[in-house]
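Okay, so we've got a single protein chain in two different forms coming up as structure tokens, structure 1 first and structure 2 after it.
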Structure 1
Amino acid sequence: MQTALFPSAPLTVSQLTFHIRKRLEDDPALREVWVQGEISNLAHPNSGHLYFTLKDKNAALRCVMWKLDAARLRFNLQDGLAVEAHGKIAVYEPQGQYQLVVNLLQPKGEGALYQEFLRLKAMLEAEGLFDVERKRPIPELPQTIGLVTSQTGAALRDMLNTLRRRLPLARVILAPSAVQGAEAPPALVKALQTLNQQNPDVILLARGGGSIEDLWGFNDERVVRAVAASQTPVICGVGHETDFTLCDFVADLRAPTPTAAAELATQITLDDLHTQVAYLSSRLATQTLGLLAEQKAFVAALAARLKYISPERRIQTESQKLDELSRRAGSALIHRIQLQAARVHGITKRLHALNPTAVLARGYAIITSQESGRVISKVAQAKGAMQARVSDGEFEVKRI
């Protein structure tokens, strides 16, 4: 090999590394890249960044995931986990190493599942299964609550504790079902159908968090259609707050967690009922007292009216009238007696004046025939024995 006559100046390590870095980071094909492999040498420093190596049977690639991106992870990383990483190729100059700066990390196969998720979502949405008009209101005070979840999962325990604390009066019916794996979709459909036959007031469809593969049963078309066909309103509380499944879109109400689903199903709690009962009792007492006072006044008014028109009052009035008439009758009688007395007195005086006895007292005498008893008023009638009556008695007289 022949060397140049005038060789170029040698590059420093930093210059060469910078040149390599620039070539790599300027390559469009390396700015948006998906890489799949198995995690090894995972490190969680206090900074919050993640450092790990992606490897397959033939090669290894150093990776870094900055704190903000790492905080959005929905699953726990561990060595040996097969993942798909998205990011860009960069060079770490202090060690002269190229690395993948990861901004999105998901379990292997999740990308295909996500595409299927989007396809199903678009299809079901076009059918109107996610329309707001289909959503039914959740009853405020359910008497019976149905649960569709795993019989052994923590979600069941959390929901039962919440329901027992908030509304212990409600009756809870559990339709246990697998919530993960190939057996989950038919089991979930059967559980929903079984609960609908028992006519609860609301159904909670729930499970704890997990990867998209773990939650895939709730993206199954059969399960989504079973939720849509439910005669009972359904609250879907699957996964954590950041997890979304197709059942969330078709359900009448979405809850971020199973516990939140139980809280949404019990909008009115036992404490609310106690408060409402106390309030209604207070209102009832106030209205009852007011009504009693009103009726008491009404009865008093009726009593007054009744007393005014009562037989007793009428008797009193008529008695008073009788007394008045009696008084007036007495006065009239006395007056009439007085008038009659005066009249009698006048007649008496007149009779006294006309009384023959009175005439006799003045020296006159009445001569009557002893034979006929007739008064002798003429001399020619004076015959036989005659009787003379004077003021103090009678005596016989004869005509001489």
Structure 2
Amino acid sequence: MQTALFPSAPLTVSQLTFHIRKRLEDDPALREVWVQGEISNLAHPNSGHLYFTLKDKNAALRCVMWKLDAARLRFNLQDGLAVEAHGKIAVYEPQGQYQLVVNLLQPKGEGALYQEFLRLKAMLEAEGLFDVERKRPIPELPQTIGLVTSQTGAALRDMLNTLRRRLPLARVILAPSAVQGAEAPPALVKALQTLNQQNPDVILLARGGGSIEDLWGFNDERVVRAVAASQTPVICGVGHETDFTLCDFVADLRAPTPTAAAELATQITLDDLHTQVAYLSSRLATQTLGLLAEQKAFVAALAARLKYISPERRIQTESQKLDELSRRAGSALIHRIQLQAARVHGITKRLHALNPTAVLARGYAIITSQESGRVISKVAQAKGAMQARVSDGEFEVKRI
């Protein structure tokens, strides 16, 4: 190929670079790229942006991750780490360099895990395992609380401290289990099953924070199904606030952390119970005092009524009547007696007037026959021995 004799006017570097940039950035295949490689030349300046190079055996790719995306990273980057990066190809014109602007970065293999997570989630969701209607209420005041967690983790200590503080009345049954690695899923399943046989009121399935691989056991289909099959309501508190596992979806309640799970399991606390007992006590006292006052008033009312109808009152009435009668009877009697006395007096006076001895005092004498004893009132009767009676005595008289 021959060079033109009279070339057109040359492009400026800027113009050419702009042209290249446009070609690269317009290419749909370069706008959404997943690329895997090993990190090298990692730099994190104060700006908060991250700069590094992704390498494999034969090639290198300059990468930049802006501050906002870098802040969402959940693991520590270091040189040599195999990662999967997602982003778009862009051209940095001042250096004439193309680079990958990374918006997602994850450890290598995580992409496949995430795909598996999504597949399993969709499948179990379609089966209805995550349905809201399946969620059972968490008892407000559990007597027995089951824990499925590591025997040695901070999660256990946090939960026991929380339970001890909030509801020391409870009994806790710990079913220790591996919570990471290949042995975790079967151990978690077994712990859930044996714990269910103890019939606790609620089960806390918990694990402290960790990498996504560390938490992976809680995305295992066997574990998810064991949670779904649990007779006892399950609260899931795995990892941190931002971690979501399939156990979170299938559990009756999701807690952001193990401590929060213990709090959600003890909705009624010791303080609430003290308050409740005090309230019941006061209701009891109020009620009883009220009842007593009521009864007292009732008795008083009855006593008043009883007094009104009491025989005592009748007795008093009758006795008064009797007094009245006897008073009346007495005065009637006196009246009669006085009447009689007056009559007797009259009669006596009259009798007195008739007393013959009164006539004798005036010089009369009464002559009686000694023989017959009869009064001589005619001459013819005057014969034999006679007796003359005068005012002060008697003497014998003879007819001459």
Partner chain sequence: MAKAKSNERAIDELSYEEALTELEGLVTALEENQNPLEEALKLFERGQALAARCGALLEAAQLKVQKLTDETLTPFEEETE
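Remember, it's a predicted structure, so these values are computed and weren't measured experimentally. For clarity, a rigid core is taken as the largest C-alpha set superposing within 1.5 Å between two forms. When a residue number appears, read it as a position in the sequence of structure 1, where counting begins at 1.
The form predicted on its own is represented by structure 1; structure 2 is the other form. Put the two forms on the same core and the Cα of residue 125 is off by less than 2 Å between structures 1 and 2.
Comparing the forms between structures 1 and 2, the C-alpha position of residue 242 differs by less than 2 angstroms, with the core used for superposition. Core-superposed comparison between structures 1 and 2: CA of residue 103 displaced by 2 Å or more. Structural comparison between structures 1 and 2 after rigid-core fitting shows the C-alpha of residue 383 displaced 22.0 Å. After superposing on the rigid core, the C-alpha of residue 93 is displaced by 7.4 Å between structures 1 and 2.
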